[in-house]
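Just the one chain here, the form predicted on its own, laid out as structure tokens.
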């Protein structure tokens, strides 16, 4: 009989379909041991969470056999180029130290979620059907303002098609779907269950096929109802679509809240995008964002990305080994376990960026949060629009293209999309998360740690802010002294401007009016009397 040879680029070859399903005694295996020899399919692998999932599997489950990544060509890059660029980033440094040839386990598969059959070639589809053991579905559009038709295509139809491929997989042991904790944000208390969908997905898809885009745009607000955007609406539909396959597949659904920078792994503070809170933090650190409409006392349900990935891998292990009769949902949140509030975040972000300032800040970091609409509009006018107009005027006078007002308009749009989530609280049940944690061995609880009770928020926010500086803006930490000097320069400019403004107001408005001068002297005398009283009281107390 001829010997089967394996291609160096394909670690699976033709032997994978003979691999047996796990026996009953695998229930006591560790998470890493379970993934040994397994073939894993990952969608959304080039995204933020997908990268961390790939890195964690390669580093902590080094015996994993192969990672099949569904990747589409983008921006003139082939799927192979995108994967090569991904594994070159700093995120994979620890994996590189352990195994310089880790890339051999990564098998990119050309795919497009919006195309029929996911645009996977028949040969690749047959290969996946023959060898894949676990599927992690991370791909989705996360844009809050995505047109409904496109959001349905990516988040719902794409999920349907992936489930169709999964049904063909002869050795599939678990299908893990990444949803969002806000899929049911129209409820205040959210259990770890799949709620009835707002509309039957099949009927919506059939309707959208013949509707004109303008009609869809007009009816979108009525369709999404009391949900804030098409993202949360379509993710709720996708959960229902996944649930319908629970009789045929072993399914788990992960619901993370607002995913932020890494907490511990592979190193603290790793982040690679401007999405969500990261862009807000950077804008505040640059001194561009000076106000934000939010409730200071509302819980900011941030969840570190490595916590989400650790829970995801543990859920994959549990789903495959224990084979629950129904799809289990895991609410991956912090608010009910280790709450932290928006007002506290604002304080720690400002403090962090004053200690570790960003380079070439527009103004000194000094943002404030308010839930009052009128106060918010006042600060938008005074702290955002007026300085932007002034700065653009200077640019015009110096022959440059004005840009600051455009930047502020984009910023206002971004923070307006976050207002819904920063102005109210939710209660998430986490019984399944606690159950899963109890199922892990002490060693696995360390290796795949998702216990957010251990999270130190001030330290995490500090690392988060530093991470935006190092990994998103690619700024060198050695330049911090120069950045601090720049902040001192901005402070002196502000003091000088305020002094000139006071003198101008005095000369133009107060010095010319006897009544205005009398009011001014009265206010100043009151201030001096208050200070004298305060000093006297302090002396008596001492």
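All figures in this text were calculated on a predicted structure; none of them were measured in a lab. Positions refer to the first chain, counted from 1.
The same protein has a further form, the form predicted together with a small molecule, not shown here; the description that follows concerns it.
Peer 1: Counting non-hydrogen atoms within 4.5 angstroms of the small molecule in the predicted complex, say which of 262, 180, 352, 250 makes the cut.
Peer 2: Answer to the contact question: 180.
Peer 1: Counting any non-hydrogen atom inside 4.5 Å, which residue from 204, 142, 119, 437 sits next to the small molecule in the predicted complex?
Peer 2: Here the answer is residue option 142.
Peer 1: Quick one: which of 474 to 482, 33 to 41, 487 to 495, 66 to 74 gets within 4.5 Å of the small molecule in the predicted complex, going by heavy atoms?
Peer 2: Stretch 66 to 74 is the one.
Peer 1: Between the small molecule and 49, 111 and 258, in the predicted complex, does every residue show a non-hydrogen atom at 4.5 Å or closer?
Peer 2: Yes, the whole trio is in contact, each within 4.5 Å by some heavy atom.
Peer 1: So in the predicted complex, is the small molecule close enough to residue 58 to count as touching (4.5 Å, heavy atoms)?
Peer 2: Residue-level check for residue 58: no, no contact with the small molecule.
Peer 1: With the cut-off set at 4.5 Å between non-hydrogen atoms, does residue 286 touch the small molecule in the predicted complex?
Peer 2: Because no heavy atom of residue 286 falls inside 4.5 Å of the small molecule in the predicted complex, the answer is no.
Peer 1: Closest heavy atom of residue 224 to the small molecule in the predicted complex, within 4.5 Å or not?
Peer 2: Residue 224: no contact with the small molecule in the predicted complex.
Peer 1: Does residue 231 make contact with the small molecule in the predicted complex, using a 4.5 Å heavy atom cut-off?
Peer 2: Yes, residue 231 is a contact residue.
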